[in-house]
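Quick heads-up: it's one chain on its own, the form predicted alone, in structure tokens.
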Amino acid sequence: MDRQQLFEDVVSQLAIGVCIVDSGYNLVYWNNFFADRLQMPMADVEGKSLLELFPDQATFLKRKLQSVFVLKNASFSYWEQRPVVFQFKSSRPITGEECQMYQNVEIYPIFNTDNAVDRVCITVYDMTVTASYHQQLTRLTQQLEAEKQQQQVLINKLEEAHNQLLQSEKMAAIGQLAAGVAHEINNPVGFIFSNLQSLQDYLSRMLKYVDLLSKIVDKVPQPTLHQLKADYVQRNQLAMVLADCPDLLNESLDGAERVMAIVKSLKEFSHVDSKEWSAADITSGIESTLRVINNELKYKAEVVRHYAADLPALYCQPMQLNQVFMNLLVNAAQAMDSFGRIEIDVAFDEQKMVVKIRDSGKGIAPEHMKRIFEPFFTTKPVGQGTGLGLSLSYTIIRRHKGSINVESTPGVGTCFIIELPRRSELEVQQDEASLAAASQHGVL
């Protein structure tokens, strides 16, 4: 057996995916890792376009491959950033359960004898077990943190319990970290965003300058100069680079804006225990809450908003209402066994403002409907819920002289309806004064 045959036999049996494509993105080779998982032997796909075989990932793959061909450097995609590139299945070693394969993908240039890159090699590593361990460790850490929070609530004195209940398990963690994290992140993100804006302006000027020079060269009656220009443009893929630069900058600016929005929301939620009354935009509070719990929602449900036009400000305790919205939205996401839908309606009339949060989850059993607002009542497994979220929400809404009701159909979904009266600042101050006096005299 010659070396070439020996090499091909070894590569074909590797426990990693190996795929080679030419400069037109056409398949030159792939090993059994690809062939077995896709049920496509090499003989059936040789010469076909990789982008056509994987249309859902074509844009991503083309960009990655282009960068390797042009820059002659390796390119990487790790499972933490992009879990699935190729639609492969992975079987768990013990249970045999199949799931989408988490992948590390590396793309390497293959140099010919002229030191040019006319082919690239794509390698795919199955990282599903590593990802599973990482996710399990994250869940265990969250469970330990939840148990710690429960113990703290049970140990505290009754008069201190209310303050402890103002934060859910997640909001307690955010409350401790948000101020410091937001401060540390905000400054560098700020100057990164500013620099990117300046760079965008500079790049626009440079592109105009390059275009001007190109037109000047074209007008000069020098065939040699024209040929030099054409060779340089082709050799360095200048057209692709010039076209890609604005997109890269726009994506970077969009990413920086998202980070700044998240930091702003974290700073707001670092004061979740604030009891101050003020005029607030309810929908702004809902949006802030959605940003903070985005990781809880994005893999569980599509969020659909129905906000009435010209919504007035509501005199309320904004951070307390944000806590209510967070509890209801997280509960809605956890009620879904598969990807579902959460609808948020906000409407108003002269007397009140109405917020409805409706989900397409599994619903609430009839025998539980009368108990859902009781402290410590929960249908979640031990360690996954304290049974305090809805009780706390009920207390906060009653403090606002409002009401919270629920409608639910098992197997169809649940809708929480919050009605908040539109009260003036003077009315609220009078009510608060009455509550303080009653508490001082032992009435409450």
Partner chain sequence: MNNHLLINELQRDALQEIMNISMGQAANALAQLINIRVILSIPKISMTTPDGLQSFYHAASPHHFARQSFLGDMHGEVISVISDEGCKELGEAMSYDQPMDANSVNELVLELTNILAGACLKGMVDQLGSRLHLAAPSLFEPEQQLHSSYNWHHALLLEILFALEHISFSSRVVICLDEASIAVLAGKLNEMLD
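Since we're looking at a predicted model, the values are computed, not measured. Numbering follows the first chain given and starts at 1.
Quick note: we don't show the form predicted together with its partner chain, though the next part is all about it.
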Report summary line: Within 4.5 Å of its partner chain in the predicted bound form by heavy atoms, the stretch out of 208 to 216, 79 to 87, 235 to 243, 137 to 145 is 79 to 87
Report task. Would you check, heavy atoms only and a 4.5 Å threshold, whether residue 415 touches its partner chain in the predicted bound form? Result -> no
Query - Contact test in the predicted bound form: residue 60 vs its partner chain, heavy atoms, 4.5 Å - result: yes
Report task. Look up in the predicted bound form whether residue 67 has a non-hydrogen atom within 4.5 angstroms of its partner chain, and give yes or no. Result -> yes
Query raised in the report: Looking at the partner-bound form in the predicted bound form, is residue 220 within 4.5 Å of its partner chain by any heavy atom?
Result: no
Query raised in the report: Given that its partner chain is left out here, which of 72, 305, 298, 371 has a heavy atom within 4.5 Å of it in the predicted bound form?
Result: 72
Requested in this report: Could you check which residue among 111, 339, 202, 133 gets a heavy atom within 4.5 Å of its partner chain in the predicted bound form?
Outcome: 111
